[in-house]
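A lone chain, given as structure tokens: the form predicted alone.
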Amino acid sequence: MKAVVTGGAGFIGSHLVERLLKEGLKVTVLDDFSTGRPENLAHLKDSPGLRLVRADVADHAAAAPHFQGADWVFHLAALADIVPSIERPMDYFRANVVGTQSVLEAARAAGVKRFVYAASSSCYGIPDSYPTPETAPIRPQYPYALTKRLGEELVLHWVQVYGLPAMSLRFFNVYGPRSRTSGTYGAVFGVFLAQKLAGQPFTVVGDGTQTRDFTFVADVAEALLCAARSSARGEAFNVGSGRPQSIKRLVELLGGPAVHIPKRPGEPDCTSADISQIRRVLGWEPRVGFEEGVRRMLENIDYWKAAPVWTPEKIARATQAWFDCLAPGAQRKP
């Protein structure tokens, strides 16, 4: 069996590649290293089944030849984070929408047996109900969420029109070793672990009672494998723990002082995945509890030594576009 993993040098992608190699698959990784890191795959460099290709998936002519002979395609390549998507929407459209169309066409031409798309629970925006089912209204609040949703629409449309054996997984708040350390202000774990290493207080948004459906990356990799092995197509499935945790609880587990920064517009107070559908259809079940997951993060904390250390002042500057564009009544610039 041969698999192609786009974005395979990224956080989730590198864990998936590791899992696929363990299953005996030959894996081709396509990554342009805009956010992925070669170091994420360094421990696998001697694996005979691994081939690493530097390629931009939105460049169809460059990427398409590497899909020939593939049985499975996992499309994880994307630009992430909220603020850069507000500041650079065209970059996000190219990477997340044009890139997805390019990968779909390459997979279709190669006659792949399974195509699995990594979607985002941010498509739900601020949901009406918790836990949130796949049938909830789609309300993306910012360009990142929108472009990931448009990518999912493309995937489901290629199933409808071309019969591509594809499906989509909507990830909720994925965390774990090798989560991103880029210079962009983003996911809470990377921010907090760098602050802990630097002896700085944790920057808690609002009062910290907001909850997130933190999902350990090894469980996400297993969900991707379950999806590839299944016969489901044309469907979207939530991938979450089903057990939301508060930011206050995360601070308690990490251990350290906290300072509070303003709540951001367009952010839900809770994310909570209804995972009954993926349990029923794919037989997938999250295995790693939150306390165990945080313990594993702390065991690997040195990974975040090179990560930027965010202070309230730096965060305020980095997120100004968030408030300028998304706050109710904001004076939006053309």
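Source: prediction; values computed, not measured. Each residue number is its position in the shown sequence, starting from 1.
As for the form predicted together with a small molecule, it is not shown, yet the points below apply to it.
**Student:** Here the chain is shown alone; which of Gly242, Pro165, Gly186, Gly125 has a heavy atom within 4.5 Å of the small molecule in the predicted bound form?
**Tutor:** Answer to the contact question: Gly186.
**Student:** Considering non-hydrogen atoms and a 4.5 Å limit, which listed residue (Phe192, Phe171, Tyr92, Phe216) is close to the small molecule in the predicted bound form?
**Tutor:** Spelling it out, the residue with a heavy atom inside the cut-off is Phe192.
**Student:** So, Arg178 and the small molecule: in the predicted bound form, are they within 4.5 Å at any heavy atom pair?
**Tutor:** Contact check for Arg178: no, nothing within 4.5 Å of the small molecule in the predicted bound form.
**Student:** With the cut-off set at 4.5 Å between non-hydrogen atoms, does Asp56 touch the small molecule in the predicted bound form?
**Tutor:** Output for Asp56 is no: heavy atoms all beyond 4.5 Å of the small molecule.
**Student:** Can you check whether Gln210 is within 4.5 Å of the small molecule in the predicted bound form, heavy atom basis?
**Tutor:** Looking in the predicted bound form, residue contacts with the small molecule include Gln210, since a heavy atom lies within 4.5 Å.
**Student:** Using the partner position in the predicted bound form, report whether Arg264 sits within 4.5 Å of the small molecule, counting heavy atoms only.
**Tutor:** So Arg264 counts as contacting the small molecule.
**Student:** Ile82, Val205 and Ile247 - do all three of these have some heavy atom no more than 4.5 Å from the small molecule in the predicted bound form?
**Tutor:** So, yes: the whole triplet contacts the small molecule.
**Student:** Looking at heavy atoms inside 4.5 Å, which stretch does the small molecule contact in the predicted bound form, given the options 47 to 55, 26 to 34, 278 to 286, 264 to 272?
**Tutor:** Within 4.5 Å of the partner lies stretch 264 to 272.
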